[in-house]
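In the form predicted on its own, a lone chain appears below as structure tokens.
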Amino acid sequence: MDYPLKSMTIADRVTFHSVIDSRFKTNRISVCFIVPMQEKNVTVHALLPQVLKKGFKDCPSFTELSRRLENLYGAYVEADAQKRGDYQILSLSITGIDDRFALKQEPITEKLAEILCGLIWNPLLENDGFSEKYVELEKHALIDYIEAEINEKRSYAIGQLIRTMCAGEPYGIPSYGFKEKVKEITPQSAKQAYDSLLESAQIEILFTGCGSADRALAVFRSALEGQKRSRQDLIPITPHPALEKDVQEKTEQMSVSQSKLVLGFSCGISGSDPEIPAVRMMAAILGGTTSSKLFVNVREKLSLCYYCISRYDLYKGILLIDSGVENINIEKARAEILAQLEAICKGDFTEEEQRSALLSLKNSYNSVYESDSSIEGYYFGQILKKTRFTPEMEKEKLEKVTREEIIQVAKKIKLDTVYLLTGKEGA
């Protein structure tokens, strides 16, 4: 089977990728900017995609942009900022029907690419900066988003564990930056950050859909012609270092009815390491399914947690276990979670547990083909890891994982940091 992701370099550190899949009637085009996570610019970078999606020179308002998209059979634009390992990924995407399904065979794909290029390379500007109206609007939205995290106690606790465990590492920086930094952003400082982004970011353009990518490719070639680009490559993602200190412990008190206990483990297996399939199997057996050890024993049999789930970050080589517990059960839950990990280290898991974990992971790869955005997300991960595996190849690797390999990787998992969010005394 040929590898479906076709790639070509079209400018310095700019690559155009395409995956053609006839099951869809749409095409999706995404431009992804990859930059190092840095405290000095993470916040303004998180703001930029939302500001850029408001319009461009030939479409100078969000209302006009919406009308133009509607006329293209309901095409739509999405903007995002996320963290993968030590990188911040900023993206703008546009999705619309393929040319074949247009009533008059209009060149829809070409028009989609032109809009996306306009949003990115010909944005709305005024007074040497972005539109003050849109910058202020998105600043308020970003502050609301950052503040909302503390109200979602589970994600807040996971974020605090990562910031504590990875303090001093790029991965420890919050994905959307800092509230106080949002307030400092001006239309001019946003424009300066944008100029730097266009010059220095690694750019990956992905075309995913049922049609031909040729017209979109031609539009991007034209847009990038003459663009000044830095040739400095990104520094590879650094795995979280193996524990060389005592386990870190951090406790916070808030008005919560249910405590959040999060355990962070290091293992030194990340990226394209050949042991990745075994680690994923181990994490699924431990706490990735409804038949996992954490679910069956800690949650169901012993009733120590409302939920107890393990998740593995293959970019950093970190295993997280997060749980919701009553105050009276905190220490019991912690001890039992560690006991379940130790059981795997000793080979105390059944063939049925291993089969269930395998089935769950294989189903996750089957779901890659459910949408053009999920296909894009999968292959973007391959680009970041510099690997060339299809979902079918990943499933084959999982099927070959042995019991002994699961035991060996489990023994490499070491508790690094414990974070507890608990209720205030007397509350």
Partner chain sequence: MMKQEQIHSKILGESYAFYRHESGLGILLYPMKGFASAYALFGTNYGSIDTTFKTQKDAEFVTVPEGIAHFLEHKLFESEEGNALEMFSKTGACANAFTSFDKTCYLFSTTDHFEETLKILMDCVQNPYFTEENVSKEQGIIGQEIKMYDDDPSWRVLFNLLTSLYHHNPVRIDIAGTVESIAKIDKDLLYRCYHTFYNLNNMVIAIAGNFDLEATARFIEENLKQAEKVEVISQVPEEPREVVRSLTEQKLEVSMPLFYIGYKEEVPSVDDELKHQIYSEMLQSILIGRSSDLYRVLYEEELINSSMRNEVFCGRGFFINMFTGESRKPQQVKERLEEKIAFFKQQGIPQEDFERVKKAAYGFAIMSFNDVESVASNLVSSYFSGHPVYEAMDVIAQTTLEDLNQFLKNSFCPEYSALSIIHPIDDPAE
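Computed from a prediction, not measured in an experiment: that's the story for all the values here. Each form is matched to the other, and the largest set of C-alpha atoms that superpose within 1.5 Å is called the rigid core. Numbering follows the first chain given and starts at 1.
If you look for the form predicted together with its partner chain, you will not find it shown, but the lines that follow are about it.
K.L.:
Could you tell me which of 250 to 258, 175 to 183, 158 to 166, 235 to 243 sits within 4.5 Å of its partner chain in the predicted bound form, going by non-hydrogen atoms?
P.N.:
The contacting stretch here is 250 to 258.
K.L.:
Would you kindly say which of Arg229, Lys332, Arg311, Lys153 lies with a heavy atom within 4.5 Å of its partner chain in the predicted bound form?
P.N.:
Contact check passes for Lys153.
K.L.:
Though its partner chain is not shown, can you say which of Ile97, Val262, Ile89, Ala201 has a heavy atom within 4.5 Å of it in the predicted bound form?
P.N.:
Looking at Ile97, Val262, Ile89, Ala201 one by one, just Ile97 meets the 4.5 Å heavy-atom criterion.
K.L.:
Within a 4.5 Å heavy atom cut-off, is Val296 in contact with its partner chain in the predicted bound form?
P.N.:
Val296 belongs to the contact set for its partner chain.
K.L.:
Can you tell me if Thr402 lies within 4.5 angstroms of its partner chain in the predicted bound form, counting non-hydrogen atoms only?
P.N.:
The answer is no: Thr402 has no heavy atom within 4.5 Å of its partner chain.
K.L.:
Residue-level question: is Asn122 within 4.5 Å of its partner chain in the predicted bound form, judged on heavy atoms?
P.N.:
Flag for Asn122 set to no.
K.L.:
Does the 4.5 Å heavy atom contact test between Thr290 and its partner chain in the predicted bound form come out positive?
P.N.:
Judged by the heavy-atom cut-off of 4.5 Å, Thr290 is in contact with its partner chain in the predicted bound form.
K.L.:
Check for me whether its partner chain, as it appears in the predicted bound form, comes within 4.5 angstroms of all of Gly74, Tyr134 and Asn366 - heavy atoms only.
P.N.:
Every residue of the candidate spot has a heavy atom within 4.5 Å of its partner chain in the predicted bound form.
K.L.:
Taking its partner chain as it sits in the predicted bound form, which residues of 297 to 311 have a non-hydrogen atom within 4.5 Å of it? Please list them.
P.N.:
Glu300, Ser303, Tyr306, Tyr307, in sequence order.
K.L.:
For a quick test of reading the superposition: does Val256 move by 2 Å or more at the CA between this form and the one not shown, rigid core aligned?
P.N.:
Yes, Val256 moves 2 Å or more.
K.L.:
Look at Ser222 and decide if its Cα position differs by 2 Å or more between this form and the one not shown after superposing on the rigid core.
P.N.:
Ser222: C-alpha displaced by less than 2 Å between this form and the one not shown.
K.L.:
With the core lined up, does the C-alpha of Gln232 move 2 Å or more between this form and the one not shown?
P.N.:
The answer is no, as the C-alpha of Gln232 shifts between this form and the one not shown by less than 2 Å after core alignment.
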